[in-house]
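What follows is one chain in structure tokens, specifically the form predicted alone.
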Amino acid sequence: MAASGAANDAAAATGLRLRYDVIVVGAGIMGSCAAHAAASRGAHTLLLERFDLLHQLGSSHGDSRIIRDAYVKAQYPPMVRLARRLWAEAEAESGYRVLTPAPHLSMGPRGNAALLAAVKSAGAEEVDLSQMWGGAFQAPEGWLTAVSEHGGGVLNATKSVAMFQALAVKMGAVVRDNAEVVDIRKEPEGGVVVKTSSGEEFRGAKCVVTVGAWTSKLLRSVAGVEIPIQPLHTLTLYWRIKPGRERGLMAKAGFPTFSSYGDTPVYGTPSLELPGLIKISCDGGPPCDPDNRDWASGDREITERVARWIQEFMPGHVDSAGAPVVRQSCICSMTPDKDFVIDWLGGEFGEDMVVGAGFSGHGFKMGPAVGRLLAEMAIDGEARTAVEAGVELGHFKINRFNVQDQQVKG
């Protein structure tokens, strides 16, 4: 369908095209990385974000995310290794760092199968915690504590998203915020039309959907497809370090990121972004509607669980007697099996729409790898880098949920 001359003139006046090779919907870490990867291939790329750029309403904001090789499922370490290479390339291209290296500590009951698998995948070595980091951790008797010294660290989340958006623009991509996508339709002659709430329409040979917690809503609306992705309201907590202990818990002192595989699935990062504070939180949270959040559900329970963990494991170094000093809300988009969705939508869209979603609280570190794979799937109809890196994409197919097209009733 040819655009009118007036529409073309209006688009030219704002620096926009009306037809693109790849349109990416959603400018969190996955969409920003996909846009950069597509633009780096020379594809005319449009990146659309429904909110302000770098907003705090989804899953890609904040100051820190852990990158680690310690994984229970074997399909993820190859993707982490690919991502680590791409993080380094992006840092070199941008001229600044978003990754602070750190060792990673995995700990839990010695017979915990998930812990043993994670330790094995990371090549971690067992350590005596009483001799490490000034005795900051006190593990119960019978616990395994193992450290992987290489490949881990802390990613500055918001800075990372900004970096990939800037690199995408540098490579020629167009980035638009406050552009909510309300419809995506298949064109009879091939390709898609993407419509925003303001009435703008953009045509693309391919579309990549990376809208995080809004995935199920958007795909239900535009394709009548139900994908079981449940957003959870999660909480990031920063606690005060006890006086005199601050220096030993800092990243520059070699303090690790850590994961605890006990009854409370706690994780943490070294003191880095907020001086005198340390990030210690736990997985999980109550289900939420990303368009109707109360911003408080489950907060008390999560805070109390983490406080009890600190009292048991780090009583001499972290103050848990009072409330955490800083609370930050986030969303995790969970699939039933906690595995990603990286696949063509299929149905009437065939291979013209690629979906990246359901990253289940552990995807940020792999953003550059996921973005590269999504871009290749859109442009080439295959992900050659996945084969080269040993990433098995079969684990991330939509059809594992027995998804079927459904007629949506208005």
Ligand SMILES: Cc1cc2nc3c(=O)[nH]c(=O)nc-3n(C[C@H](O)[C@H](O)[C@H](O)COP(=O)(O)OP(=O)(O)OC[C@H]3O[C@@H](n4cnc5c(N)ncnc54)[C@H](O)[C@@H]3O)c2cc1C
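No experiment lies behind these values; they were computed from the predicted model shown. Note that residue numbering begins at 1 and tracks the sequence as displayed.
The same protein has a further form, the form predicted together with the named molecule, not shown here; the description that follows concerns it.
inquiry  = Heavy atoms within 4.5 Å of the named molecule in the predicted complex: which stretch in 185-193, 304-312, 131-139, 204-212 meets that?
reply    = Partner-contacting stretch among the options: 204-212.
request  = Counting non-hydrogen atoms within 4.5 angstroms of the named molecule in the predicted complex, say which of Thr234, Ser260, Asn156, Thr145 makes the cut.
outcome  = Spelling it out, the residue with a heavy atom inside the cut-off is Thr234.
message = At 4.5 Å by heavy atoms, is each residue in Met30, Gly58 and Ile66 next to the named molecule in the predicted complex?
response = Yes, the whole candidate spot contacts the named molecule.
query = Leu48: heavy atom within 4.5 Å of the named molecule in the predicted complex?
reply = Yes, contact at 4.5 Å.
query = Contact between Phe349 and the named molecule in the predicted complex at 4.5 Å, heavy atoms?
reply = Answer no; every heavy atom of Phe349 is more than 4.5 Å from the named molecule in the predicted complex.
inquiry  = Lys365 versus the named molecule, in the predicted complex: is there a non-hydrogen atom within 4.5 Å?
reply    = Yes, Lys365 sits close enough to the named molecule in the predicted complex that at least one of its heavy atoms falls within 4.5 Å.
message = I'd like to know if Gly26 sits close to the named molecule in the predicted complex, meaning any non-hydrogen atom pair within 4.5 angstroms.
response = Taking the distances in the predicted complex, the answer for Gly26 is yes, it comes within 4.5 Å of the named molecule.
ask   = For the stretch 174-194, which residues lie within 4.5 Å of the named molecule in the predicted complex by non-hydrogen atom distance?
value = Ala179, Glu180, Val181, in sequence order.
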